[in-house]
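First structure 1, then structure 2: two forms of the same chain, each alone, as structure tokens.
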Structure 1
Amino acid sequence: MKNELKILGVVVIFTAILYWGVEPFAHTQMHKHVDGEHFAYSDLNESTKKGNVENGKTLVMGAGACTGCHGIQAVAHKAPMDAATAVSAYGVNPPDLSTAGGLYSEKFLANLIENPAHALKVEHKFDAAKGKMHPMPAFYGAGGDKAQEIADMVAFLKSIAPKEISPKNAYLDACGRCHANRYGKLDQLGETPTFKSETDTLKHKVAVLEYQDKLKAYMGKLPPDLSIIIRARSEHFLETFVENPQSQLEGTSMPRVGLSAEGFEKVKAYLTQTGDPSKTAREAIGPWVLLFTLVFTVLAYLWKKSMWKDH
């Protein structure tokens, strides 16, 4: 028994040295640690104004010119262009703003309206001084206090946001216009339809490929499919990357998404549903497996002690 314990001890020690000494070191060399802010966006300006919803609606639907590019289904305003036309004009299809007030940080929305390139952290790609303007124009005010007008617009967007946003809709609005998710049967145009005719199927595939070509030209490369990203990357990496893509991949064309902490949790929930659907069942059965292992270990020890008691 003593020799067996010694052998076990040696195995445990060497395993610990290899795992805790080598693997973490290799990880630190391959992936730098990034401290997150839990979507506080400390680099963005804080608004001290209290927004007026009615004036915000007037601005968003009128002088703010938001509806010139964006649809707002919540107030029955259709997008001025279909996805194919929009991606040709802007490089990516502008999102419907119905859920913006519920998914994104209030601070981010205010800064996005005032200075899109700065809020999205893509100033390295869109530098107005060099004549490279971001497709979304900055809001210069409608004749009054610009800070108050922006606060009003944000208040309106928050007022029309649904109280409950499903994980799937959160993903579609925040990520789906650039990233496909084949496990969720989603492409950049939305849910992939099932057609009766092979001709219609091919037409849809062509439409997706044409959208992807425009998106690739705008971004520099086609954004990856996110079907299994939840298993390929750690939760901390995903959170800090969504919060600030430049922190993990300097120079990337991916904009800062601007999600609130709650919005990120919804997107993560959908990525978990599609990329790791057995997670809930696996976590539920985990304690029972550990209990079985413990009971089996005790029984095995008692059996061994009984068999070897005369030796």
Structure 2
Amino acid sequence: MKNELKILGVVVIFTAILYWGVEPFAHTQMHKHVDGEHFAYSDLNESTKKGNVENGKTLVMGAGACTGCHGIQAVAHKAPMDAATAVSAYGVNPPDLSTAGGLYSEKFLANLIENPAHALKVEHKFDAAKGKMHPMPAFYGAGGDKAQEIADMVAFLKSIAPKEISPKNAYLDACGRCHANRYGKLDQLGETPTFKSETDTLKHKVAVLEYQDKLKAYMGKLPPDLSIIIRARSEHFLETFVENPQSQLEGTSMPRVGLSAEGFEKVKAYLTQTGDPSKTAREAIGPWVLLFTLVFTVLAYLWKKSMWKDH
């Protein structure tokens, strides 16, 4: 018995060293190490102003302001253009702002309004000095204290955001305009409808393809489908990449998303639903299977003992 445990020890030690070498250690050597900041966005300016919702509403909904391009369903404001027209006009479809106050970091929103290319970390692509303007114009102020006005707008967006945002809606608003998710039956135009006639199915497919072509022209390539990205990348990679795409992939045209920590958790929950749907079942059944093997082993041990008694 002592001998057997000694042998087992040798086998386990060599196996553990081997495992450590090809898994944890090799991965630290193969991938760039990026420290996250848990969605603190410390490179952006902090504002101390307290926003006024009423004034924010006037600024957001006013003539020539946000609603000139963005829809806000929460206050029954329809987007001025449909997705296909918008993508032709701007290169990218401007998001509906209903959930923005609930999903994105307050700090990020304020900086985004003031200087979109900077907050989105796409200045390498949109350099105003070279005449390459970001499709979303910077906010130059409405005549009063600009910082106060920005705080007001953010306060308004926060006030209209729903209390509960489902993981799916979080995904749709934060990622869905560029990334399809075929396992979740989502394309860049939203939920992929099912049609009775093949003609309609094909028409929709063509609309999606046309949208994707515009998107390709804007982004340089078609952003990947995110159906199973939760298993293709580590959790740490996804978190730091969403927090700051440039940190993991320098020069990428993907903008910083600006999610708050809670917003990211929601998006992650949706990606887990589509990419790792068995997680719940796995965690539910796992302990029972292990318990079974444990009982099996104990019984087998007793059998072995009785068999070897006289040997």
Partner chain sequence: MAHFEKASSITEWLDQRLAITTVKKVMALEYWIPKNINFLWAMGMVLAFTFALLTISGIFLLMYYQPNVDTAFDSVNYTIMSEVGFGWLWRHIHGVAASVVFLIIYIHMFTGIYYGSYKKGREMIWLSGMLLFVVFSAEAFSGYMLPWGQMSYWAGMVITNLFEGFSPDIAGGIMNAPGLVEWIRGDYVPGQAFLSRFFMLHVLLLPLVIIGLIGLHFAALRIPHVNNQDGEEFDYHEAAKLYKEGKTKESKVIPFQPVFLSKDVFVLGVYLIFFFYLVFYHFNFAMDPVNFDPADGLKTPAHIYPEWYFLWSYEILRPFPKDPGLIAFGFAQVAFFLLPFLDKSDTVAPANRRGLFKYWFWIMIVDMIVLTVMGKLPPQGIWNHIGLVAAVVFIALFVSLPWVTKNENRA
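Residue 1 is the first residue of structure 1, and the numbers go on in sequence order from there. The structure displayed is predicted, hence computed values, not measured ones. Take the two forms, superpose them, and find the largest set of C-alpha atoms that agree within 1.5 Å; that set is the rigid core.
Colleague: Decide which single structure shows the form predicted alone, answering 1 or 2.
Modeller: Answer to the question: structure 1 is the form predicted alone, whereas structure 2 comes from elsewhere.
Colleague: Once the core is aligned, please say if the CA of residue 284 is shifted by at least 2 angstroms between structure 1 and structure 2.
Modeller: Yes; residue 284 is a residue whose C-alpha shifts (by 2 Å or more) between structure 1 and structure 2 when the cores are overlaid.
Colleague: Can you give the C-alpha shift of residue 8 between structure 1 and structure 2 in Å, rounded to one decimal, after superposing the rigid core?
Modeller: A shift of 3.1 Å.
Colleague: With the core fitted, just quote the Cα shift at residue 305 between structure 1 and structure 2, in angstrom to one decimal.
Modeller: The alpha-carbon displacement, core-superposed, is 4.6 Å.
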